[in-house]
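Before any questions on how it binds or moves, here is one chain, the form predicted alone, in structure tokens.
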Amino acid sequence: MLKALNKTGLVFFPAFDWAIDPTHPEREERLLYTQDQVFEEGILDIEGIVEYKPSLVSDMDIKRVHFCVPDVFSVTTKSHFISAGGAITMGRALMEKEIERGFALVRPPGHHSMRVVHGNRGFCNINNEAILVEYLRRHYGVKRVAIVDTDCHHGDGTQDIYWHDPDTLFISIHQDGRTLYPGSGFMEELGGPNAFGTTVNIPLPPSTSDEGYLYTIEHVVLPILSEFKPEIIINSAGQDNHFSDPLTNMNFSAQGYANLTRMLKPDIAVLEGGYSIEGALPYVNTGLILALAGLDYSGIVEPGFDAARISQSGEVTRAIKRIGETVLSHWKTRKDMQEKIRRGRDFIERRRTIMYDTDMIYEMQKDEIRICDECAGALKIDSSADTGQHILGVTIPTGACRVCRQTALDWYDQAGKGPYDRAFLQDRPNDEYKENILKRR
């Protein structure tokens, strides 16, 4: 009888009651075919691979991460609470030492969901990985975390949430944003002034195959992880980089993904994208489960696989090596670059326009961070959308110094003098969330 080398927990949640529309690529069949494959292969009969049922997150678990406009229940469904709860279920089992690896095969996905949420963008409403991270920090005292996003689309939501957090290393490996939604994730996007360099973007050219992905993991991602020394590694395990995916232009395979997982050794993987419902997902997920468990996955081969046909060109190989060299250069010089950005400044602003492509909402956002040597810095966000909502969100970071705490409280208390409908306060040190309704609609 087979026995897993690493005790591995699985959560399945297909979300039967959540769909953008019946024929949308983000639908329940994404997980149903995988479940069938797992059962047919007898994966759950392997000693040391254990299925868990997802729990529900609380609204406070969401508020610890997001400013939901006008409130949590207006932008979520029960399925979102269960999907994020599946990730937390794996996190809790890991921290309680019931398992050594975990995989949350859940939907709806979450990595395009930013700190402010006006609606659905990129099929995402709330960020499952960020909710998991902040839950682990609150309940288990975890501090340094690495999130490695291997979805083909840039994880712009997770990047936004941890842009100002020096204790979270966010690495996104994705198809070049000049060729794919959401049009971001360039090498120059390196994080905010108090966390400069802990955002690492690796935009790969279209037609990257196993060779390019695994080269990037070995020569770029693993050295950075080794230096950062996270307590936990979370993999945003998007599978839309597969050669058969209808929405992307990459040439990754099931074997490649299993090898990536073996090399990365994530503590927890959380499913993100992947829309080749029959031709890729059952095989990629099965290989990923076996790799997490430390078992042989060499027999996993998807329909249509032809190594020669999907191999990358010499031009792509050379481009990937240049990208890797630039990313590592940024990583090695991050402290010098951070010093130049911060010099002589007490606060730094950032202005953006954000599109919610699913709900067709446009948001104008301005954030302001206090430059601080003692903590992540007080943060305020002025966000207005063409729905008519205008909010102020203020965050007191974990481990906030006295000055940043008072700065954040002053911003929140003075919100009534501004144009806002609502003001929100995330007080992470005290695990409190406050809301002030300033104008009623």
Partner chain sequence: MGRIGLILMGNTMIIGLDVGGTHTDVVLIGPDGPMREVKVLTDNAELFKSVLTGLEKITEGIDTQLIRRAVLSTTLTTNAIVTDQVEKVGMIVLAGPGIDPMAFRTCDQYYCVSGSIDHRGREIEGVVEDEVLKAAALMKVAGIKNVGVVGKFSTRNPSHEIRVEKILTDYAFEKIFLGHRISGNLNFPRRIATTFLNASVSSVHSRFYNAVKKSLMEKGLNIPIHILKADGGTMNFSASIDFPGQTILSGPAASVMGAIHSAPKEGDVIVLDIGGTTTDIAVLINQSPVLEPLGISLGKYKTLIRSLKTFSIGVGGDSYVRVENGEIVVGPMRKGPAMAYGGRLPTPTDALFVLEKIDNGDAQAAFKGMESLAANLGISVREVAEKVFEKTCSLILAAAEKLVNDINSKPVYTVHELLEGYVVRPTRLVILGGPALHFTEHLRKISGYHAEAVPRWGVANAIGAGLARTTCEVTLFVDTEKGVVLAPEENYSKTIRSMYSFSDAEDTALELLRKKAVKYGADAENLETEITESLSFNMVRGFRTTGKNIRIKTQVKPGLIQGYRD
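Positions refer to the first chain, counted from 1. Here the structure is a predicted model, which means the values were calculated and not measured.
Note that the form predicted in complex with the partner chain isn't included here; everything after this is about it.
Chemist: Which single stretch, out of 181 to 189, 71 to 79, 218 to 226, 323 to 331, brings residue heavy atoms within 4.5 Å of the partner chain in the predicted bound form?
Modeler: In short, 71 to 79.
Chemist: Here the chain is shown alone; which of 136, 369, 300, 310 has a heavy atom within 4.5 Å of the partner chain in the predicted bound form?
Modeler: Selected residue: 300.
Chemist: According to a 4.5 angstroms non-hydrogen atom cut-off, is residue 60 in contact with the partner chain in the predicted bound form?
Modeler: Answer no; every heavy atom of residue 60 is more than 4.5 Å from the partner chain in the predicted bound form.
Chemist: Using heavy atoms and a 4.5 Å limit, would one call residue 403 a contact residue for the partner chain in the predicted bound form?
Modeler: No, residue 403 stays farther than 4.5 Å from the partner chain in the predicted bound form.
Chemist: Although the partner isn't part of this model, could you tell me whether residue 42 comes within 4.5 Å of the partner chain in the predicted bound form, counting any heavy atom of the residue?
Modeler: Taking the distances in the predicted bound form, the answer for residue 42 is yes, it comes within 4.5 Å of the partner chain.
Chemist: Answer for residue 374 alone: is it within 4.5 Å of the partner chain in the predicted bound form, judged on heavy atom distances?
Modeler: Close contact is absent here: in the predicted bound form, residue 374 is far from the partner chain, nothing within 4.5 Å, heavy atoms only.
Chemist: Within 29 to 51, which residues come within 4.5 Å of the partner chain in the predicted bound form, counting heavy atoms only?
Modeler: Contacts from 29 to 51: 29, 32, 33, 35, 36, 37, 39, 40, 41, 42, 43, 45, 46, 51.
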